[in-house]
Ligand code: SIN
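Given next, in structure tokens, is a single chain: the form predicted alone.
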Amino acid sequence: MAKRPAALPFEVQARVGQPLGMAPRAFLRDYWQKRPLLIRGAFPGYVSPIEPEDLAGLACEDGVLARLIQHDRARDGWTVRSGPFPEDLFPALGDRDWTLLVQDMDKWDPDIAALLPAFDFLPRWRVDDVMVSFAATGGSVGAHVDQYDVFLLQAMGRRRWQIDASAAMGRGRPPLDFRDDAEIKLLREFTPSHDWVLEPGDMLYLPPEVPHHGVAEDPCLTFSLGMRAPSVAELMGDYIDTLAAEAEESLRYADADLEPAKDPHEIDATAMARVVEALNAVRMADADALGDWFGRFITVYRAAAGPGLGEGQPLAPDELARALGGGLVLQRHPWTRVAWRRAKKGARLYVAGLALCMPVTDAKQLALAARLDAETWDTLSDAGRDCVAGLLAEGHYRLEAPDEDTP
């Protein structure tokens, strides 16, 4: 095993076959959720597959999560607007101090989704989305922190990034108080420790809660790969809701060992022990039950988007086999989140909140392959084929010609 360097750098140069500038194992050991890293030339010669006009056009459409952030330098004021936007808005914005941010661009554009395999050293179910921002010269969203890991790939133009790596440098946690005069969560204090200008192909990795501030040096596009990191409150809320929905009505507070009360108004320690016992009766002690809950939870998309129930093509497995044999393919809906887990018997495939039982080989294959052809279909068991047919009927797959573009 390679030795860990005595002093870890905050800036590295990518190498052929190593877009992180090091092996993934070394990155995860030394940097992941520990310290920021600027990787020069992570994607050398990168050319953005979209133009700013494409992003603006998408931000005008219904169902697209888009925000426009403007900065008034004279009074250091910030305004935020949410899309969809009228088409005549952008020409009137001027050429300075505004930023357009559009979420989920990996679902809208397959060329942006093509970036994701470069991050396959991370669990795919941890990836939230690729957000694309266009900033006019001077455009920014202010000094802030994120509560999740993020990779910031410069795709067009130049952006100046300042970060405060105090915690990673052993100088203590930086102040994270927010301003109370802005519509977005901007830091009240920001003292950068590093100052870089990123060119196309450069990438900045930031762990959670690292203060950072990006300002466009010229009109630029930045691709932000954000990770999904649900809060403990979010996990508990869904977990408890699931427990409550599945708990048997017969499970109740019980006190068959009750003794005469010394004070009829007191909730004593014995009563509280019975409360704990009642709650423990419905906790998910079974590993499969707990795994199924988390698999369903983590594959439900955070926004109201994606395929609707029963909006697909109802085809029996034999009909589907004939269609695939005729040259059609099954394309997974870009908004459908997928993961799998080994279970006591076989495996579970989790698809947009569904838990489906099948052999391990099927679950691995279906989670991996966003596109299924006849050859892949032939490798599936009957259980796997039945699941695919059901997912097609629900809209999680689309039957199409192999050369059709996927949004």
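Everything numeric in this text was worked out from a predicted model, so none of it was measured. The first residue of the sequence shown is number 1, and the count goes up from there.
Only in words, not in the display: the form predicted together with the ligand, which the text now covers.
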| Could you tell me if Leu101 has a non-hydrogen atom within 4.5 Å of the ligand in the predicted bound form? | yes
| query | Applying a 4.5 Å heavy atom distance criterion, does His144 contact the ligand in the predicted bound form? | reply | yes
| message | Within 4.5 Å, heavy atoms only: does Ala323 come near the ligand in the predicted bound form? | response | no
| query | Taking heavy atoms and a 4.5 Å cut-off, does Ser224 contact the ligand in the predicted bound form? | reply | yes
| remark: With the partner omitted here, the residue among Ala167, Ile112, Leu152, Leu187 that in the predicted bound form has a heavy atom within 4.5 Å of the ligand is Leu152
| field | Partner-contacting position among Met131, Ala136, Met156, Val329 - heavy atom within 4.5 Å of the ligand in the predicted bound form | value | Met131
| Heavy atom contact within 4.5 Å of the ligand in the predicted bound form, the stretch among 159-167, 116-124, 177-185, 246-254 | 159-167
